[in-house]
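This document starts with one chain, in the form predicted on its own, laid out as structure tokens.
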Amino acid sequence: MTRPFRIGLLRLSDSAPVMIAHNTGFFAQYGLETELVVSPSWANIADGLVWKTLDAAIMFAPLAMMTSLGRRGHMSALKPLKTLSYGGNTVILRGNNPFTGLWPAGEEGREVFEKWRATIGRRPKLSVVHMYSTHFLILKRFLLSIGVNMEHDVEIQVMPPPDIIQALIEGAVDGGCVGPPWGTEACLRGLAFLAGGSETVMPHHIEKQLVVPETVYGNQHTCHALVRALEDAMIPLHAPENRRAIAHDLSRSLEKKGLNLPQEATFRTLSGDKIAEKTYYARSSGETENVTWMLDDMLGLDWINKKEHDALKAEWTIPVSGVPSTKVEVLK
């Protein structure tokens, strides 16, 4: 290539595998010169893939699927290459929790919601990171579990993950479903409390994947290099003794090859220490890949039709190890 292979990502702790693979030279070890592009929003990530300013990106499946179908305007065929993380999304709400701990389902949960809403004094404003996101689907399921209608009982707005901190401070939102470490950071600062999330709604669901355009997917050398580098990067993430150092590295500024993440919140999402919503990172084998629940929800929301549902299920149920078929010697 005449330029580095460009990978898009957001300031999130589940970007850690790609950050490690880049900063420690795992990509270079497999013959890839990479450049990380930290984007301000998921819309920017999707646009980067569509307009070919990015060669790959960390994404959640619903946005990648809808981009591939042309639902965002311009169509760009995208392929899932490697699952990176599971779970980790938090449903956080500002103010004081009228219940001790995570909210229960059913009528009791609805009563807790009404008590909380009374302290807000209006229809609550809740944020998601993108309308075509796992966060939207998790929030909708959480609200349905307590008998709250997303369309009528709350107001939904889109907000990049890091922005929720300032929005909570200013009272611009009353909570939302946000990825790690920003929900944990809001709770640590006393800006919000944890009401639910991935573990209470859909435990261990696929969250972030490395997604590539179809043109890149056709290059087996590049794809195997990406997958093997990421598998190497997962190893330190699974060792508890490394997590404090990884959190420290992710807290560095962008100029110092970090993501400017809050260090303590990042450590807690990596370790699960004193937090109910931990981020799980993929292993090289033994994981369960399940996109059916997402597709069922997307079908119920009329985002896709039944034919598209079945086609996407076949295409996005990928092997844990990524590119499945031809064994090609990786670039050295």
Partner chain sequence: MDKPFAPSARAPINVLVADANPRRAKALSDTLRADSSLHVQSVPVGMSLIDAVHQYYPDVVLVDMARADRDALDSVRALSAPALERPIALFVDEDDVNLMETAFDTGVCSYNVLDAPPDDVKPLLRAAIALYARFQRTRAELNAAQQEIEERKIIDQAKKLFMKNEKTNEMQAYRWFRGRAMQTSQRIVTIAMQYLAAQQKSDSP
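Note that the structure is predicted; figures quoted are calculated from it, not measured. Residue numbers count along the first chain shown, from 1.
We do not show the form predicted together with the partner chain, though everything after this point is about it.
Engineer: Taking the partner chain as it sits in the predicted complex, is Lys52 in contact with it (heavy atom to heavy atom, 4.5 Å or less)?
Structural biologist: Judged by the heavy-atom cut-off of 4.5 Å, Lys52 is in contact with the partner chain in the predicted complex.
Engineer: In the predicted complex, does Gln263 have a heavy atom within 4.5 Å of the partner chain?
Structural biologist: So Gln263 does not count as contacting the partner chain.
Engineer: Spell out, yes or no, whether the shortest heavy atom distance between Pro160 and the partner chain in the predicted complex is within 4.5 Å.
Structural biologist: Contact check for Pro160: yes, within 4.5 Å of the partner chain in the predicted complex.
Engineer: Report whether the minimum heavy atom distance between Arg228 and the partner chain in the predicted complex is within 4.5 Å.
Structural biologist: Result no; Arg228 lies far from the partner chain in the predicted complex.
Engineer: In the predicted complex, does each residue in the set Ala43, Asp47 and Arg72 place a non-hydrogen atom within 4.5 angstroms of the partner chain?
Structural biologist: Yes: each residue has a heavy atom within 4.5 Å of the partner.
Engineer: Considering the partner chain in the predicted complex, find the one stretch among 22-30, 264-272, 35-43, 292-300 with heavy atoms no farther than 4.5 Å from it.
Structural biologist: Stretch with heavy atoms near the partner: 35-43.
Engineer: Taking 4.5 Å between heavy atoms as the contact cutoff, choose which of Ala105, Ala77, Cys187, Met131 touches the partner chain in the predicted complex.
Structural biologist: Looking at Ala105, Ala77, Cys187, Met131 one by one, just Met131 meets the 4.5 Å heavy-atom criterion.
Engineer: Using heavy atoms only and a 4.5 Å cut-off, determine which of Leu191, Ile156, Ile235, Ile120 is in contact with the partner chain in the predicted complex.
Structural biologist: Filtering the options by heavy-atom distance leaves Ile156.
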